[in-house]
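Coming up is one lone chain in C-alpha cells, specifically the form predicted alone.
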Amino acid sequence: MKAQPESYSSLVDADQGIVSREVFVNQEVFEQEIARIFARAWLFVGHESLIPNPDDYFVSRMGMDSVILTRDRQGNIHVLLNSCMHRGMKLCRHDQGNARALTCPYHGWSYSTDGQLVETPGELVGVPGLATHYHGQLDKKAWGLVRCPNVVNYKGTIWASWDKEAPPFLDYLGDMKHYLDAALDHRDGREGGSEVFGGVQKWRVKCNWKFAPENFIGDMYHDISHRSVDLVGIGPSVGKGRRDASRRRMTIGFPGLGHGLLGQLPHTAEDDYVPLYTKHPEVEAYFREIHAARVRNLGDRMRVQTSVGTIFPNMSFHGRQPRTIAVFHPISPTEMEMWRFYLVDKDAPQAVKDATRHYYLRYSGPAGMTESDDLENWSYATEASKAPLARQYAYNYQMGLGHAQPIEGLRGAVQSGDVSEENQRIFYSRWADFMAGKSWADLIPG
C-alpha cells in the first residue's frame, strides 16, 4: 500500500461512520502514524512525582522513541532523546534512577543538564580522548543530546511535542481541560495535589494501539464485557459492581480536537454525598470529610466529573474510581505497550493510599479483572482483522450518527447521550486530519 497523505485519510469516513481495517493492521499506515501523528502531537510523558529530586530521571516513550524525563539541579524539567549522539547507544537503560551525568556505556561520552555547567540541557561535557584522539577539534556544543523543544508541566503531568510549530498545550487541550482537571485536582476541589504512587505498570498487548483510546474515549456499549466482574463485586464498597454509585454519565466529545470522555455535564452544585469505600470505615470517613471540604471550596463555581476519557492520540484517564492515567505506546500495527500510572492525593492518609491501591490493582493493570476483559477484546479483534479477506471489510461506527448536540458552557463540545459512537468518530476524524498532513492552522484554526 503505497499512498499519498489524502489516501491515508480516506480510510476514515466519519460522516458515514466507516473505518477501514487497514487503519489497524497495515504496516505502512503504522509507519506514517509515527511520522504524522507522534512526531507532531502533544504526548503525555510522565509525572513530576516520578522525578522529585535533582538529577532524577524516568525513561518514557514518545511514539517509538525512548526519551529521558529528568529534573536538573535548578529544578527545571526536560525531555531528552535517550540515544547517545556518538553511536546511538541507549544512555539510560533502567526505568528510573538518579545520575549527575548521563554517561554512555559504549564509548563514555557524557552529558549534563546542570545549568551551572552547561548552557543547554543535555550538552556534551565529557569525551574520552578529546585532546588526544580528537586532537581537541570536536565541537561539543554541536553534539549534545536531542532536546524536545516543547515541554509543559500541567498540574504535575508532563507533556511534550517534537514539533517546533505545535500550538500551546492548552490550545491543543481546549475545554477538555476541565475534565482532565477533574482527575488531577485534589478531591477537596483544590487545584493539583495529586501524585503517582505504587510505581508504573507496563505490559505488552497484541493489539493495535488505537483500540485502547477509542475504548476509553466513551464506549459504554461494551459494558456487556464486564458483566462477570460486576457479579463478582470488585468495587471498594460492600456489594456487587466495579465502583461506587455516581451521577449519570454522558458521552461528551470535542470535534476538531479528537478528545472525548464519559462524564457529567458542567454544573454548579455538588451532588449529595454517597458513601465511598464502605469496606474501609476509616477511608469512608476521610472521603466524607473531603466531600464537605469540596462543597466549601468550590462554592457555586462550575465543575465537572470524569469517569473515563481520552486525550488524542494515546493518553486516557479514569477520573474517579479507579483514578489512573493510561498510555498506549505503538510497537507495531498489531502490538502496543500499555502503561498504567495510579493517582492519589499527595496528602491523603496512608490508610487511604493503601485501600485505593488495592482497589486499583483489582480493577486495572495486566492482572486487573476489568482491564483483562478489555485486553482480550482488543487482542482478538486485532487478530481477526489481519487476514486478507477480513481486512477488506470496514468497521462500523454508526451508532448515534447525526444526533450529537452542542453543550452550553464548553467550547466546541457535543454530547450524545449515554451510549453512542460519536466520540469514536471524533477520534478517527482527528486521526484522518493528522494523517492528511494538515498544517496547525488547519488543525487548530485561530
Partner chain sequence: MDDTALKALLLHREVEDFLLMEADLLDDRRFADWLALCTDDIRYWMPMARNVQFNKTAQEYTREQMDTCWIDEGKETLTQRVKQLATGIHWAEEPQSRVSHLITNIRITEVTPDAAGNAAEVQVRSRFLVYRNRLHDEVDIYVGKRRDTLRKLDGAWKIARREIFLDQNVLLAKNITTFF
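All values derive from a computational prediction rather than experimental measurement. Positions refer to the first chain, counted from 1.
One more form of this protein exists, namely the form predicted in complex with the partner chain; it is left out here, but the text below deals with it.
Engineer: Is Pro255 part of the interface with the partner chain in the predicted bound form - any heavy atom within 4.5 Å?
Structural biologist: Contact check for Pro255: no, nothing within 4.5 Å of the partner chain in the predicted bound form.
Engineer: Within a 4.5 Å heavy atom cut-off, is Asn76 in contact with the partner chain in the predicted bound form?
Structural biologist: It does not: once the partner chain is placed as it appears in the predicted bound form, Asn76 has no heavy atom within 4.5 Å of it.
Engineer: Just checking whether Leu102 would be counted as a contact of the partner chain in the predicted bound form - the rule being heavy atoms within 4.5 angstroms.
Structural biologist: Leu102 lies outside the contact set for the partner chain.
Engineer: Is Ser228 close enough to the partner chain in the predicted bound form to count, meaning some heavy atom within 4.5 Å?
Structural biologist: Yes, Ser228 is a contact residue.
Engineer: Does every residue of Gly199, Arg357 and Pro366 put a non-hydrogen atom within 4.5 angstroms of the partner chain in the predicted bound form?
Structural biologist: Yes, because Gly199, Arg357 and Pro366 each have a heavy atom that approaches the partner chain to within 4.5 Å in the predicted bound form.
Engineer: Of the listed stretches (119-127, 147-155, 233-241, 284-292), which one has a non-hydrogen atom within 4.5 Å of the partner chain in the predicted bound form?
Structural biologist: Single hit among the candidates: 233-241.
Engineer: Considering non-hydrogen atoms and a 4.5 Å limit, which listed residue (Val205, Cys84, Ala326, Met176) is close to the partner chain in the predicted bound form?
Structural biologist: None of the other options qualify; the answer is Val205.
Engineer: Identify, from the list Ser379, Gln32, Ser385, Asn26, the residue with a heavy atom within 4.5 Å of the partner chain in the predicted bound form.
Structural biologist: Comparing distances to the partner chain in the predicted bound form, the residue within 4.5 Å is Ser379.
Engineer: Determine the residues of 76-107 with a heavy atom within 4.5 Å of the partner chain in the predicted bound form and present them in sequence order; the list may be empty.
Structural biologist: Arg93, His94, Asp95, Gln96, Gly97, Asn98 sit within 4.5 Å of the partner.
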